[in-house]
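So this first bit is one chain, no partners, the form predicted alone, shown in structure tokens.
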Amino acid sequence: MTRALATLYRLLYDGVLCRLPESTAIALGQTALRLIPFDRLGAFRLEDPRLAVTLGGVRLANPLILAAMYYDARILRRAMGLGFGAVTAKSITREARPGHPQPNLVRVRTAAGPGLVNCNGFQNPGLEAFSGMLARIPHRAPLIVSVAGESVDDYVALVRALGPLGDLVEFNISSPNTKLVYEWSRRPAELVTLLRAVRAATTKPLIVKLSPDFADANEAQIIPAALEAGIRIVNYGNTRRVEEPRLSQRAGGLSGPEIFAGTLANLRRTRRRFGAELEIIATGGVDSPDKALELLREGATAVGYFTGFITRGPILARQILERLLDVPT
């Protein structure tokens, strides 16, 4: 059944979705997620106590995390039933943001496989509207709320408001398609104040979302500052900034299998440097069971992905979990 669903989705993606304009394909996919109860189909889930992990003291049924991209309450509710150990809501800002004008997403074909480049620009409904939606979502799986701000006050206000509505809180200092948060990684010395203020604003486990574009600063300054502030989880990482003339901003964040090698290298180096005192969500380039397995073997606490959810379909989570159970203990 798993193989048949994977083949069916591959035919749909290659034969239909890839032939549509990106904006049309996105609208079609999101409408399907909202309206069709995929989450009621047991084929997408695999429940086994051997798969369980803990992240920041929170129990996850398995180590797979749907990375941040959706803020629609209906989609988040569906996603919690599609086999993930946790689901991340899209980064929310204090005020609503329309995002960058279209085209803000394009497909890319690389030697490693299909990927995406986006310059979404943090399109989101803002704190007040999102809080109202989030309060109505039952947590079928742990929910990670993600926040992004221009100032320390922004982050503190967001974390205080959204922390009680999530199981963990991720704060984004790494999105490459807007100066809103990317600049934080350029000023690691100033992050100490931010990290301490955010840690004091909530009792929920905190996750720092790092950029692969600042590997040296991450290792030398940002991660040590997080540990000093009492933050023990990093999400390494985000998309990689690239030039892309088809986008309205002429540049954006690359995701997909092309960035997997970087994710693996960053994980290995970070685990080697910081050892067991740090929990690491390895995100970037996962589109197959073997890639997820390799990251976990190299020391990832959990594995996040989103582009693989689009290019390989919702059945990818089930495929990965079956592969993990096949590995001899």
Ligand SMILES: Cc1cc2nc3c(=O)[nH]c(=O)nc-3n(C[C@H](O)[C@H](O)[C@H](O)COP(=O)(O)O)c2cc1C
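Predicted model only: the values in this text are computed from it and were never measured. Heads up: residue numbers just count along the shown sequence, starting at 1.
Beyond the structure shown, there is the form predicted in complex with the ligand, which is absent from this document and is the topic of what follows.
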TODO: Please pick, from L116, V192, L165, I75, the one residue with any non-hydrogen atom lying within 4.5 angstroms of the ligand in the model of the complex.
DONE: L116
- [ ] Note which of A86, A79, I207, I259 lies within 4.5 Å of the ligand in the model of the complex, where distance is taken over heavy atoms; exactly one does.
- [x] I259
Task: 4.5 Å heavy atom contact, F214 and the ligand in the model of the complex - done: no
- [ ] Please check if V108 has a heavy atom lying within 4.5 Å of any heavy atom of the ligand in the model of the complex.
- [x] no
Task: Close approach of T93 to the ligand in the model of the complex, 4.5 Å, heavy atom - done: no
Task: is_contact(F122, the ligand) in the model of the complex, heavy atom dist at most 4.5 Å - done: yes
TODO: Using a 4.5 Å heavy atom cut-off, indicate which stretch of 217-225, 195-203, 236-244, 129-137 touches the ligand in the model of the complex.
DONE: 236-244
Task: Residues from 7-28 in contact with the ligand (non-hydrogen atom within 4.5 Å) in the model of the complex - done: none
